[in-house]
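As structure tokens, the next two blocks hold two forms of the same chain, structure 1 and structure 2.
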Structure 1
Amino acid sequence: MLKSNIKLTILFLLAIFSFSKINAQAWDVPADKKAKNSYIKFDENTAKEGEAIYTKNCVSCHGNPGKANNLKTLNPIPPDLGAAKTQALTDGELFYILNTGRGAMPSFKNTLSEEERWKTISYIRSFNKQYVQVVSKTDPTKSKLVKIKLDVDSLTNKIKVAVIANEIKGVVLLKDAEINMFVSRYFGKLQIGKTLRTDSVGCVLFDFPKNLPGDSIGNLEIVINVNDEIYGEIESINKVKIGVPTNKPSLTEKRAIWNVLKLAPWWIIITYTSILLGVGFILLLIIKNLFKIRKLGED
């Protein structure tokens, strides 16, 4: 009985391990994301700029592409991005992985611009001699033509986002564009709902939480991020009265570890000053003793 229980336990653990490993390695990338291409032409300059971005954000886990010096203590092991398996992915798949992140890998959608993300991929592709780029039809210069309008219903806590482009030929409704909504907070941006796509008239409707604290009259800073195949990425920042009026003092008004020096906690100021004075005293003591040793040597 004991032996059979041990066997069942071992088989169960192996099954979980195998499932988690397969699940960790597989990326379920939507078909439209796989087909996405860069609007930037990859060349030596974009690869060089991408290398700097890669070194800052990726090399600590993935290592140098093609060198197999990726961090092998993580589970799953971050792939060598110069290896054939990674190079077999489409540009869209690489871009999706950069945007989404998973497990130990963070999402870079809100920390790197779209241009920086594509330049990172340009650097990764520089290790594939057989790679042939397909450039997207996206024209980033057209992003200036895009206008984002917010219609707020404070009774139902819904925000309607309408996106248009004022072309010379007339107004263009941005259909099937990705829309993300965020609220600016002290330590980053809080995403509201999921990513939505505009309908046939270039609109989406977000359900907004009813319990988000705003300023004294309920104002919140709403950030709208638009991603369109033709017009690229566009961001709009709006102050909207839809939050809960809050009279609490700002996090930066009182003494806190994240505040500026004059409002840092006293214990940090005292500790920091004591360390500096202590180090300075020790250095002076060392210098004094060196002079004594020199004088003794001369005598």
Structure 2
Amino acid sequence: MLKSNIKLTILFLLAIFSFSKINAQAWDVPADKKAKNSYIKFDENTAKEGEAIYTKNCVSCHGNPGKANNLKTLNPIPPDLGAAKTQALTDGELFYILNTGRGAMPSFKNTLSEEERWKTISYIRSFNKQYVQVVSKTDPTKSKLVKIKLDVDSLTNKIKVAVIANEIKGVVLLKDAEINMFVSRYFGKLQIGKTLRTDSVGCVLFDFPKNLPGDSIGNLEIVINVNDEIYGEIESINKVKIGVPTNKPSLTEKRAIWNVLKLAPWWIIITYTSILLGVGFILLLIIKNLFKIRKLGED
């Protein structure tokens, strides 16, 4: 009892302390992101899994929630996530901060899966006894019903993405779903344009860059990522011939002073060889002379 009182006092002091410091600029989170909720129900297990992720990725700067051992030398100061100020944010806001990062804080959008990101938030929330979770309406089991269609206009370099769901009751057009377009690259996915939302007929139009290198005939692997409030997250991979055909020669093709012997510049090969042959010839001549001298002296 006493212990938790001390804890509260520290939290309180910390809250004051953080206000007294130069206040970090508040996060400007769009309204729709702010309202986003987790499709995972937070419980002890998710918090425990979240703790593991937190320890690996967050603790070095933010410290342990409620312990006020965050790294105060940084600017802006990474807040103690157990503090009241952080806990006052919505789940959507925390999710957004985790996704985008700012300043010294990296974005975790590509390094943690959505599930992992929610579990991290679950861990942070476990320090707030007053917290009551609002679970989103998403039903991940329905994601199988979703079909993504691509329509490529190679003349204008536009790609139309249509998203539908084949429900038993009939085809549903996914309205207002979040669509991200990526191109696969060797180490990750390159996002094309911004995140868009489907229109009233479940469609969205992407402007595709004209100068993106593809394979030798211009094929690109296009990844469409759909995020719908009800159907959850769906991804489809498509091979589309919309890139610039790329056949860059190997970097070691040309004759160069730094290349292998076989690809040495001609002037070096010719100069070296002819000098060596020339000197060799003269030396042979001298040796021949010596033999002649010897022969001349024979009785």
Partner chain sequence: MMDQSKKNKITSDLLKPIGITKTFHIWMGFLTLSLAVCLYAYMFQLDKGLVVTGLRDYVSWGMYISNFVFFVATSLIGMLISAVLGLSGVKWASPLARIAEIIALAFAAVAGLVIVSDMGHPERLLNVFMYGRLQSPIVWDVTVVTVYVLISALLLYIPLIPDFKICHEKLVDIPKPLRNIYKLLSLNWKGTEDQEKLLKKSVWILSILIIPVALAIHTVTSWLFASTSRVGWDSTIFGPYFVTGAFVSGTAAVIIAMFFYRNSYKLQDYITELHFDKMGKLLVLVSLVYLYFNLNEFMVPGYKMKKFDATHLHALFAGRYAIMFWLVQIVGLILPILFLLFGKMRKPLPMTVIAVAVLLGAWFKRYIIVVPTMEHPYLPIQNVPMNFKFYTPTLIETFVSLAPFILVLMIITILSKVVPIIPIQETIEHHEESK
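Remember, predicted model here, so these are calculated numbers, not experimental data. Here the rigid core means the biggest group of C-alpha atoms that line up within 1.5 Å when the two forms are laid on top of each other. Counting starts at 1 and follows the sequence of structure 1.
Visitor: Looking at the two shown chains, say which is the form predicted together with its partner chain.
Guide: The form predicted together with its partner chain is shown as structure 2.
Visitor: Single out the hinge among Ile270, Val201, Ser60, Lys248, thinking of the two rigid parts turning against each other between structure 1 and structure 2.
Guide: That leaves Lys248 as the hinge residue.
Visitor: Quick check on the domain motion between structure 1 and structure 2: what's the rotation angle of the smaller rigid part, to the nearest degree?
Guide: About the larger part, the smaller one turns by 67 degrees.
Visitor: Once the core is aligned, what is the C-alpha displacement of Leu284 between structure 1 and structure 2? Give it in Å to one decimal.
Guide: A shift of 52.1 Å at the C-alpha.
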